[in-house]
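A single chain, nothing else alongside it, follows as structure tokens in the form predicted on its own.
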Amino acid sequence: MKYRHFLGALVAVSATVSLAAEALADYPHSTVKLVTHSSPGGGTDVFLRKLSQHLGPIMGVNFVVENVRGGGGAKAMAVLANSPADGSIFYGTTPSYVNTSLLSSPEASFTDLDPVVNMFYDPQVVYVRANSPYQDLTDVVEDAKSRPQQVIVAVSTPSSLDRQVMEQFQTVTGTEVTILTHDGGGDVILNVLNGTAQVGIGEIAELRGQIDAGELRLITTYTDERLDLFPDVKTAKEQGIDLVVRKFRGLAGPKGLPEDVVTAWEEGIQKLLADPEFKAWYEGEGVIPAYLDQEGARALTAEFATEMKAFFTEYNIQAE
């Protein structure tokens, strides 16, 4: 699950960038729709709404976020693929839209869309209710071994990266758990909070409010190193479980976008990543800027798809 070139083009943030400059001129639309397959409160939903708040003034655009749920991103991809390639609509990309395409036969797949930019690497974390008896991931493993299929782990969509990684988790740890899928991270949180599931997989941005309120607690991170925001939380590797997951976040549009539209997004996103208020937000949420222009985003998507095909073969995960 390690994407060799994922961080090969980290965004270079110049201290000389003037954020007081006028909004990018002549964008062809005053209102632009940002589509996500995530439910309200899910990671991509949170990401797009925060992006809209800060990118709007930079690009001189009013952004509207629309949740198109269903099919693990299949419905959202169909909306994008059937929309005009004129810069009026974009899709918040994560590994889910590739996996959905590979594991089912959607009306439109990731190959019917065109990546525009990549923005972040979003660390994946494992969490429980604050009063859970699980203090770390090894506690989950021990309980799952003693009670096969009785430990319920909540993940987002069936095609999500966190869902697929659970197959690897069970193989690496020699456990059998019950995996509960949802429409998005917000729904995962609710079912961990209400006790339907004992464990949840997600990202910091969608969890932060509940963590700060003392309702949820992290028990591990699927990262190479501990997160600066949570220095006391051990990585899975530190707990003897060799799992590292890197989740990308970016934007894609219908195929055939005009060059000037792509250029406007490339320039706008670089300014956004340098914006002090937006930077304070993403650093506070534990996400890592990993800017890639359209060429780089296309290469990342293609490489990820190749790696996931190999992963599905290795773990005998079959398409529907």
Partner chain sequence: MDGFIHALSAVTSWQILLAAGGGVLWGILGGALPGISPSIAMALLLPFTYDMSPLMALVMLGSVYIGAEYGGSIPAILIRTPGTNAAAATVIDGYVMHQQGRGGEALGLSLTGGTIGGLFGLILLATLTKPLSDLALMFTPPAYFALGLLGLSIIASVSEGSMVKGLIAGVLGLMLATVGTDPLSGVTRFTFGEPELLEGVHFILVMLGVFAVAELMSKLADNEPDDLVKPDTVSKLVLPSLSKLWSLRRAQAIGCAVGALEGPVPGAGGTVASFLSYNEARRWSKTPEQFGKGSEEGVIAPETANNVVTATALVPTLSFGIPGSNSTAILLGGFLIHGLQPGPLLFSTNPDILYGLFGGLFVANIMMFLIGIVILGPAIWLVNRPRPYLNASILALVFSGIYSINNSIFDLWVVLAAGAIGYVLRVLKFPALPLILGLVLGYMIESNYRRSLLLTQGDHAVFFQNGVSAFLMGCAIVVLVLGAYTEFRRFRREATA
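What you see is a predicted model; the values in this text were computed from it and never measured. Numbering follows the first chain given and starts at 1.
The form predicted together with its partner chain exists for this protein as well; it is not shown, and the discussion that follows is about that form.
Engineer: Can you pick out, from 178, 88, 239, 168, the residue that has a heavy atom within 4.5 Å of its partner chain in the predicted bound form?
Structural biologist: The residue from 178, 88, 239, 168 that makes the contact is 178.
Engineer: Heavy atom within 4.5 Å of its partner chain in the predicted bound form: which of 228, 142, 224, 212 fits that? Just give me the one.
Structural biologist: Contact check passes for 212.
Engineer: Taking heavy atoms and a 4.5 Å cut-off, does residue 46 contact its partner chain in the predicted bound form?
Structural biologist: Flag for residue 46 set to yes.
Engineer: Indicate whether its partner chain has at least one heavy atom within 4.5 Å of a heavy atom of residue 258 in the predicted bound form.
Structural biologist: No.
Engineer: Does any part of residue 29 reach within 4.5 Å of its partner chain in the predicted bound form? Heavy atoms only, please.
Structural biologist: Output for residue 29 is no: heavy atoms all beyond 4.5 Å of its partner chain.
Engineer: If you check in the predicted bound form, is residue 69 within 4.5 Å of its partner chain, heavy atoms only?
Structural biologist: Close contact exists here: in the predicted bound form, residue 69 approaches its partner chain to within 4.5 Å, heavy atoms only.
Engineer: Of the listed stretches (133-141, 230-238, 80-88, 104-112), which one has a non-hydrogen atom within 4.5 Å of its partner chain in the predicted bound form?
Structural biologist: Stretch with heavy atoms near the partner: 104-112.
Engineer: Is its partner chain close enough to 163, 191 and 205 in the predicted bound form that each of the three has a heavy atom within 4.5 Å of it?
Structural biologist: Heavy-atom distance to its partner chain in the predicted bound form: all three under 4.5 Å.
Engineer: Select from 148-186 the residues with a non-hydrogen atom within 4.5 Å of its partner chain in the predicted bound form and write them out in sequence order.
Structural biologist: 149, 150, 152, 158, 163, 178, 179, 180, 181, 182, 183, 186, in sequence order.
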